[in-house]
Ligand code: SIN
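Shown below, as structure tokens, is a lone chain in the form predicted on its own; questions about how it binds or moves come after it.
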């Protein structure tokens, strides 16, 4: 495999490969590359929803997608689309997050295929939670090692958010009270394949922290202050990679060690992607 690193922190490009024709050895190489580089860009692909499903199955079993209805006839594929006429609508994925971290076993990988992209704008930015962890000083790392993060979809998919999602005519997103359920994951996790540690945090789905010193939300060392600091730290530019999409790009990323955001700066232009997710395991300290 010919890999080109895209930053000194995360991200690589894989060229001269067709994701529709991979043997087992190539699949294992690909998986190792994703885990190592955290985000892998594969340009020049032409995947139907069925092709994308087949490729995702090579990486592992399907990971459930709550709240978002799939493409007709392809129950594992969702379409991420914003029409040119929806300039004032929010952007799906337009806040920093790690896909469905509120699940008991969040997805290991996400596969996103660009069908139609704006002439300019609509980039996606990823941040390495491995790099964010490794840059912590010893005292902060020791303190965070005892913290549990409370994940919930309440800020994104509770019924109060239905009006926001209904702005996107090309997507069928159905909010429910299920979004109020919570899941506890360690704040510092160990990657099940690389053994590297990361900060498993994102400001969208982490709604609270549990651990010594967080009995109160008040004060410079309390929960609210730490949540704000964690967001600023984990999304700092030095930990990031920004991708400008071209039609035919497939980007595969490791949700266990990254978070990401889709930029909403392409008003009056259409953007369409298809997305699949690959099952993971419960995050473990």
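Positions refer to the first chain, counted from 1. None of the values given here were measured: they were computed from a predicted structure.
Not pictured, yet referred to below: the form predicted in complex with succinic acid (SIN).
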ask   = Only one of 137-145, 88-96, 174-182, 189-197 gets a heavy atom within 4.5 Å of succinic acid (SIN) in the predicted complex; which is it?
value = 88-96
key: Heavy atom of each of 80, 262 and 275 within 4.5 Å of succinic acid (SIN) in the predicted complex   = yes
query = Is residue 253 close enough to succinic acid (SIN) in the predicted complex to count, meaning some heavy atom within 4.5 Å?
reply = yes
query = Are any of the heavy atoms in residue 161 no more than 4.5 Å from a heavy atom of succinic acid (SIN) in the predicted complex?
reply = no
task = Report whether the minimum heavy atom distance between residue 124 and succinic acid (SIN) in the predicted complex is within 4.5 Å.
result = yes
inquiry  = Is it the case that residue 112, even though its partner is missing from this view, gets within 4.5 Å of succinic acid (SIN) in the predicted complex, heavy atoms only?
reply    = yes
